[in-house]
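What follows is a single chain, given as structure tokens, in the form predicted alone.
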């Protein structure tokens, strides 16, 4: 058993102060934000963590959503750093009076998570949808993305439906193998 000397004074406990991030502004996305939004999405939607989302996240997807309706694409900016985004769109079905708001992508830099940024982006996008006469907001995510599911449930989303994605690896398909063999033969000639 260790013995303490009488002149040993215990160190006072110090708490590490959490540095507060700079104030965050939510604003409409601009053309010059596209590369940064795309890069942040690449960091967030990885094949290892979120394979279903990863397969859909690309430059064309971001450009398509932004090009269709810039008003429903928002970014969160802290100082001069883009720290989050919400990409939404409006959908109208033929012969239906209903208009749907669709939150297609929502992402926040992990260094800024748990500061209410995703909530602020969602609330502002919801207001935009309401002003544009949307009656329902739709959102989808991978069923394994428990943090996203919990977030959306906390914000009133429900009526969950499962959607099954199937895939087939074409590397082992006979036509692919035959094509590779033909290409190899052509190169050898």
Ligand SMILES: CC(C)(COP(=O)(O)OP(=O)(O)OC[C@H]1O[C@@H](n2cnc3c(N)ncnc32)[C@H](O)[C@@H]1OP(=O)(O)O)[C@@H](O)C(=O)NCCC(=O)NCCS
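Numbering follows the first chain given and starts at 1. The shown structure was predicted, so the numbers you read here are calculated from the model rather than taken from an experiment.
There is another form of this protein, the form predicted together with the named molecule, and it is not shown here; the text below is about that form.
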| said: Taking a heavy atom within 4.5 Å as contact, would all three of 66, 100 and 131 count as contacting the named molecule in the predicted bound form? | reply: no
Quiz item: Does residue 148 make contact with the named molecule in the predicted bound form, using a 4.5 Å heavy atom cut-off?
Solution: yes
- Message: Residue-level contact is defined here as any heavy atom of the residue lying within 4.5 Å of the named molecule in the predicted bound form; does residue 141 satisfy this criterion?
- Response: yes
- Task: Please run the contact check for residue 154 against the named molecule in the predicted bound form: heavy atoms, 4.5 angstroms, yes or no?
- Result: yes
Q. Can any non-hydrogen atom of residue 119 be found within 4.5 angstroms of the named molecule in the predicted bound form?
A. yes
With a 4.5 Å heavy atom cut-off to the named molecule in the predicted bound form, the contacting stretch among 37-45, 123-131, 58-66, 24-32 is 37-45
Those residues of 84-105 with a non-hydrogen atom no more than 4.5 Å from the named molecule in the predicted bound form are 104, 105
